[in-house]
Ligand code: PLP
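Only one chain is shown below, in structure tokens, and it's the form predicted on its own.
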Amino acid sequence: MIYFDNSATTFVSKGVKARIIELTEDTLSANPGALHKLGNKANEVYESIRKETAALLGAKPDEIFFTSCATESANTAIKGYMSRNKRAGNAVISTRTEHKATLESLEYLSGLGYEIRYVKVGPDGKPLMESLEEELGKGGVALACFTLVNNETGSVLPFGDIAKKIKAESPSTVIYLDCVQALGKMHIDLSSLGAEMCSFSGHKIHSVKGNGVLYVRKGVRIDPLIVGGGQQDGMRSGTQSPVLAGAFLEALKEVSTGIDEGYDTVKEINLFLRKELISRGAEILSPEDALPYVLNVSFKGFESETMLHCLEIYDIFVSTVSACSAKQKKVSYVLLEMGVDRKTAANAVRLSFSRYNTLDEAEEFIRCVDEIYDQFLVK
């Protein structure tokens, strides 16, 4: 089997599985909120995990909150900030190439009367600075929402330039940054990054599904999305799970220790596939400077879903659009916003890699593509 769908989810690492088993021992399974010694022990483990997670991300422990996923983190950050800070402004700036978690949260705010301003993007998927400047110039921008690495194309946001522009034109504007596809693939230090709120997902870095992280810089106040017993400093009520938090931390530790080696491996795979696919008439839709973990390619003569199922015959797994939209069978809105024509976008397939993929797999992928064209393309 060749698994090139790591932007959708990753397989759980052996280290994470072992850590989960360890954290489900009876002596660690008490409610961290209980007053007895088992509860105290569970809480100590949980807070230790929180502290270590914060250190690896360059944050303070009280800036880190464990969630069920990045979608929850995005909803909490975007809705929570605007709800709590009504005097900050009535406008939010973003792009139409964001993840659905962001776009649907913005649509929700629009329904409440907030003004959502969308910055145009170029053919590389990056926001156009003149468009950003124009939207900032209208004033009243409370929040800006962007994605560090696009999950469909791998386009890397020039965040330093964007943050500098925002803070120069609108110093009070708070920035929310989706860091899901960047985690474990780029070095991230939240203390110097320049975003006040960030979201992360465990299952994109070889943890289990059901764990994410929300970063909220000290001093930034937001309303909680989930209310109840006031756990996690009132930010996210619900019984804390040392198991899920520990799974996230274990995956984070593993991916952080080999980040440069993993990048080099994936870059070699990406460059090989780009060269081989272009020579066969395919069109690469990911920009040249995209993060190498994602390669979006349009196959001439094959609609995306057809190619996906042809590859599946060979036990090769890829995706068409973001997994959150895949079952709707729509053409990628990200590619259309980048100016890709609909026919080309309709043939687009996303290959996404992890540090566990190999060049041998890439070579086998090309061999299978050649067989697919020989067998199935009507000439």
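Residue indices: 1-based, along the sequence shown. Remember, predicted model here, so these are calculated numbers, not experimental data.
Quick note: we don't show the form predicted in complex with the named molecule, though the next part is all about it.
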### Task
Would you mind picking the one in 153, 298, 240, 181 that has a heavy atom within 4.5 Å of the named molecule in the predicted bound form?
181
### Query
Pick from 56, 69, 310, 30: which residue has any heavy atom within 4.5 angstroms of the named molecule in the predicted bound form?
69
### Message
residue 201 versus the named molecule, in the predicted bound form: is there a non-hydrogen atom within 4.5 Å?
### Response
yes
### Query
Counting only non-hydrogen atoms and a 4.5 angstroms cut-off, does residue 147 reach the named molecule in the predicted bound form?
yes
### Query
Does the named molecule come within 4.5 Å of any heavy atom of residue 206 in the predicted bound form?
no
### Message
Taking the named molecule as it sits in the predicted bound form, is residue 236 near enough to touch it, meaning that at least one heavy atom pair lies within 4.5 angstroms?
### Response
no
### Summary
Of the candidate stretches 286-294, 172-180, 120-128, 87-95, the one with residues having heavy atoms within 4.5 Å of the named molecule in the predicted bound form is 172-180
